[in-house]
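Only one chain comes next, encoded as structure tokens, the form predicted on its own.
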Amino acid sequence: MTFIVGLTGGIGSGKSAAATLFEEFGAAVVDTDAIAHELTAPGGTAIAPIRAAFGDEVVAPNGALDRAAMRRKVFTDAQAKGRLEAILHPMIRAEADRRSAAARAPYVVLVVPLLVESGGYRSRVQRIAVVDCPEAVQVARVMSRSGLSAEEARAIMAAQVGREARLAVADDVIDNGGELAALRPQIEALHRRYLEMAAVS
């Protein structure tokens, strides 16, 4: 059986930077956000059912999901989020499972931003690693990366589970509150630990 580490963290915590380092050290990385983007790109397999559920106004002229239009719909209609997730989540999980099983690496890092919220992932990973940083750092990173206001950044964070809830499920905590250089030795140490665990699993 493939040894799978679930990697999660709030927006702006540095999940992508951590995943990149795990990949450098030799892990296979399966990113559920990347899968979601593929499914909702022009010609993606999720576009037809999304169009059927929400209409043409959420599909951009190029055939991709119009994320801004979908975001507006989800924020104004509480049930829209559930309908969208009912379409996307099974597709994302199926593809993540397929890629994890096909991986030719000592272990897989499965990047799931909403790992805690979506519940079903706990039973599919052997270990949960949480990338953590102070909320003020998250806000600053989201603002500089996405050009959002502090209020918009905090609204996104408020829609995710809190820092305490993530830390409560963590087997391993990766501190990314400081400089990027401080991340590498932590990932390297975890990589060695996961290699040992994968060897005996």
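A residue's number is simply how far along the shown sequence it sits, counting from 1. Being a predicted model, the structure only gives us computed values, none of them experimental.
Although not depicted, the form predicted in complex with ligand ADP is the subject of the following passage.
| field | Every residue of A101, P106 and S201 near ligand ADP in the model of the complex, heavy atom within 4.5 Å | value | Spot residues vs ligand ADP: no contact at all.
| said: Check R67 for me: does it contact ligand ADP in the model of the complex (non-hydrogen atoms, 4.5 angstroms)? | reply: Heavy-atom contact with ligand ADP at 4.5 Å: absent for R67.
| message | Even though the partner isn't displayed, in the model of the complex is N176 close enough to ligand ADP, meaning a heavy atom within 4.5 Å? | response | Yes, N176 is a contact residue.
| said: Can you work out whether A189 and ligand ADP are in contact in the model of the complex, taking contact to mean some heavy atom pair no more than 4.5 Å apart? | reply: Result no; A189 lies far from ligand ADP in the model of the complex.
| Contact label in the model of the complex: R141 to ligand ADP, heavy atom within 4.5 Å | R141 belongs to the contact set for ligand ADP.
| said: Need the contact residues for 1-24: heavy atom within 4.5 Å of ligand ADP in the model of the complex, sequence order, or none if there are none. | reply: G10, I11, G12, S13, G14, K15, S16, A17, in sequence order.
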